[in-house]
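Only one chain is included here, represented as structure tokens and corresponding to the form predicted on its own.
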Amino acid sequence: MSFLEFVEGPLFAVAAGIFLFGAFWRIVGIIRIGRKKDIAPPKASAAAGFVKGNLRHFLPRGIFAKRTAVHIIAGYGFHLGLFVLVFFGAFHVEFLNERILGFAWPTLPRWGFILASEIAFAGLIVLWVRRISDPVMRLISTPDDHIGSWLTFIMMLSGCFALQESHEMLRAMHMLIVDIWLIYFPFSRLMHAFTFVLSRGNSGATYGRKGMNL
């Protein structure tokens, strides 16, 4: 078994298993914590508040829009760019088709992949620079935040190197970093990719039940 076969086979299976089980365990744990029972009579629907709380936070309120514009643009650029790369990059779709799903879908042309990569890189770099330059962000940031950012950056960069398929080792190194990223994910703040729905929804449900305008 070659190194590439190992990182794309057994190691990937272990990493994906840890990712899925760890993420599921974290989400179940958060849900089981529950919240303090509200004995006040409900004035509106908490379920509707849950949905509104999530949708409302996709765009900043007008009073904060100017101050958070850079963060919002960089955040959307990075997250949407990474989503496009993962699920519409030709090599990724091919991998998912052959190893996991058994079916494929239309993929990005090469220029589209490169454009999405540039947007994702720019967004991630701006977010990290803001994290280390803004006094408040620097104060509330932990080593976990920086590790997650740099691990994601290295994973994306190694994927760009592997894109040319000039050497098998480049693909193997990319897959090794992907495996490490998958293992690290459920034990880090990268979990916000899933838990943001619960966090925003909980606040929305609380305010919605009280009849407050979201």
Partner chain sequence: MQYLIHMSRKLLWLGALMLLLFAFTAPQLMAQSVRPPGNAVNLDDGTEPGPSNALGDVSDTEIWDQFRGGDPANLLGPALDGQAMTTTGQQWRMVRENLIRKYLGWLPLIVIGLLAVFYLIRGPMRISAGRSGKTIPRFSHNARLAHWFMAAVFIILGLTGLIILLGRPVIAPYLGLQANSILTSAAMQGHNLFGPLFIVALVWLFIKFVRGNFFQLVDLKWIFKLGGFFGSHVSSRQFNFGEKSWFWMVILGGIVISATGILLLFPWLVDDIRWLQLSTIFHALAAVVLIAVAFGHVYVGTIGMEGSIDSMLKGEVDENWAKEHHDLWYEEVTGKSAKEETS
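Positions refer to the first chain, counted from 1. Since we're looking at a predicted model, the values are computed, not measured.
If you look for the form predicted in complex with its partner chain, you will not find it shown, but the lines that follow are about it.
Quick one: of I180, L163, A48, I154, which gets a non-hydrogen atom within 4.5 angstroms of its partner chain in the predicted bound form?
-> Among I180, L163, A48, I154, a heavy atom within 4.5 Å of its partner chain in the predicted bound form occurs only for L163.
Tell me, which of L96, V129, V86, A90 has a heavy atom within 4.5 angstroms of its partner chain in the predicted bound form?
-> By the 4.5 Å heavy-atom cutoff, the listed residue in contact is V129.
Is L80 close enough to its partner chain in the predicted bound form to count, meaning some heavy atom within 4.5 Å?
-> L80: no, not in contact with its partner chain in the predicted bound form.
Mark I114 yes when one of its heavy atoms lies within 4.5 Å of a heavy atom of its partner chain in the predicted bound form, and no otherwise.
-> Within the cut-off, so yes.
Verify the contact flag for A122: yes if a non-hydrogen atom of it lies within 4.5 Å of a non-hydrogen atom of its partner chain in the predicted bound form, no if not.
-> Because a heavy atom of A122 falls inside 4.5 Å of its partner chain in the predicted bound form, the answer is yes.
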